[in-house]
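Form predicted on its own, single chain, as structure tokens, below.
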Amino acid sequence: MMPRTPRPAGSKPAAPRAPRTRGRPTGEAPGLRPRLLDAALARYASQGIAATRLRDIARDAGATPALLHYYFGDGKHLLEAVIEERILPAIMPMRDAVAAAAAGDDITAAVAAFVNGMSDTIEKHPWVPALWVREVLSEGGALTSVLIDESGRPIVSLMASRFAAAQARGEVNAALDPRLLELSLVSLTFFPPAAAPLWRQLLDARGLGKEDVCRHTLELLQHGFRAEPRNGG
């Protein structure tokens, strides 16, 4: 056991250290919790959930790690809060709009609701494509199960069944597979906004906006790429 160093003569003993208090850390700013959620979502979309460090989220939000831990506890609970308060509220309105449009027999209205709904969702929430590619489509994605079960599977199954019913009524090309037709619908609505910087540059199409892309997609889906025969042709 090491001998204690004698205290200099006349010096006073050090004051006892104050016990650490529980509760809210100092330095909290108004609106910090929403900023932490937004900062986490931005990091998840740009670099992936597994690669995101809590201290980076705190710094992006102008907070300390202690404040982040005060609000969310750990990374698992932070992710759960981002899903419940940011991701699902962004996706569910589109899902509900498509479900409502697909409730009847008008397959054209259902397709238009899907195309326009996806376009509007991505315009309001630009992080959707990057996050979807990283955490849903990629193997081992952290959001695959929750987003497929919560939003993807119900809509895909509903639209595929509506395509099959329309095909049985003679409204859809009999040579098409309704399941693959739904895959084509997802691809045509999800890929263009996800890859917009690339294709706008490659095709010299920087002037094309959301309405142009939606109109093209609906025309392609509803009428195909073959020109209508001319009168007398």
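Just count from 1 along the sequence shown to find any residue number. Remember, it's a predicted structure, so these values are computed and weren't measured experimentally.
A second form of this protein, the form predicted in complex with a further copy of the same chain, is not displayed here; the remarks below concern that form.
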Considering non-hydrogen atoms and a 4.5 Å limit, does a further copy of the same chain approach A165 in the model of the complex?
no
My question is simply whether T108 lines the interface with a further copy of the same chain in the model of the complex - judged by any non-hydrogen atom within 4.5 Å.
no
Any of the heavy atoms of L208 lying within 4.5 Å of a further copy of the same chain in the model of the complex?
yes
Answer with yes or no whether A100 is in contact with a further copy of the same chain in the model of the complex, where contact means some heavy atom within 4.5 Å.
no
With the distance limit set at 4.5 angstroms and only heavy atoms considered, check whether S46, L188 and A194 all reach a further copy of the same chain in the model of the complex.
yes
Counting only heavy atoms and a 4.5 Å cutoff, which of 139-147, 100-108, 86-94, 113-121 contacts a further copy of the same chain in the model of the complex?
139-147
Given that a further copy of the same chain is left out here, which of R33, R59, H69, R179 has a heavy atom within 4.5 Å of it in the model of the complex?
R179
If we check a further copy of the same chain in the model of the complex, which of the residues in 194-220 reach within 4.5 angstroms of it by a non-hydrogen atom?
A194, A195, L198, W199, Q201, L202, L203, D204, A205, L208, D212, V213, H216, E219, L220
